[in-house]
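Just one chain follows, in the form predicted on its own, and it is written as structure tokens.
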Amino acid sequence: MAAIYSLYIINKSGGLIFYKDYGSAGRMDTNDSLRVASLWHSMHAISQQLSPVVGCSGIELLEADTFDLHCFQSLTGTKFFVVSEPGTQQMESLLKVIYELYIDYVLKNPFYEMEMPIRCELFDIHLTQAIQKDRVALSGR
């Protein structure tokens, strides 16, 4: 079984700009993935406002019985979140690797328009390699 179920990238306005399913048991259609992204963006924003801690950056980990949701927010407000098996470790480092790939292959692409859906072949290739490398590292533990 894969440790990572899916990856979402949400722009600062809450729009889903990238979604990739990695073999989760219940695959979602496009509308469901858009709803999940919108719901997460809203929950993240509300948690920042309701937090008693000054300077809170929002929810970073949501643990449920059947999955964990790990989130990384960049300084520009773009959110990267991974849905994974419960108890999966080292997702923060994987999210930072994904963010670096986003910078290198999406933002530096002269044909990419900010806040638009990501359609960059090199990003897809390197992302797949990073996920496979992470799966191998997780299975070796």
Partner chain sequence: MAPLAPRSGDAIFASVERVNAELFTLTYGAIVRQLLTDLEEVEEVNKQLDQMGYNIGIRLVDEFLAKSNVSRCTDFKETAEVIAKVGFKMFLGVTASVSNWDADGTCCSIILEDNPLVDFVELPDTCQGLYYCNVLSGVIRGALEMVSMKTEVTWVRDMLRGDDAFELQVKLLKQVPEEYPYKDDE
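Fair warning: this is a prediction, and the values are worked out from it, not measured in the lab. Residue numbers count along the first chain shown, from 1.
Separately, the form predicted together with its partner chain exists; it is not shown, and the next lines address it.
Undergrad: Tell me which of 27 to 35, 61 to 69, 96 to 104, 81 to 89 has residues with heavy atoms within 4.5 angstroms of its partner chain in the predicted complex?
TA: Of the stretches listed, the one contacting the partner is 96 to 104.
Undergrad: Would Ser47 sit within 4.5 Å of its partner chain in the predicted complex, counting heavy atoms only?
TA: Although its partner chain is absent here, Ser47 would stay clear of it in the predicted complex, with no heavy atoms inside 4.5 Å.
Undergrad: So, Val53 and its partner chain: in the predicted complex, are they within 4.5 Å at any heavy atom pair?
TA: Outside the cut-off, so no.
Undergrad: Looking in the predicted complex, any heavy atom of Met114 within 4.5 Å of its partner chain?
TA: Although its partner chain is absent here, Met114 would touch it in the predicted complex, with heavy atoms inside 4.5 Å.
Undergrad: Report whether the minimum heavy atom distance between Lys20 and its partner chain in the predicted complex is within 4.5 Å.
TA: No, Lys20 is distant from the partner.
Undergrad: What residues, if any, in 65 to 89 have a non-hydrogen atom within 4.5 angstroms of its partner chain in the predicted complex?
TA: Heavy-atom contacts within 4.5 Å come from Gln73, Ser74, Leu75, Thr76, Gly77.
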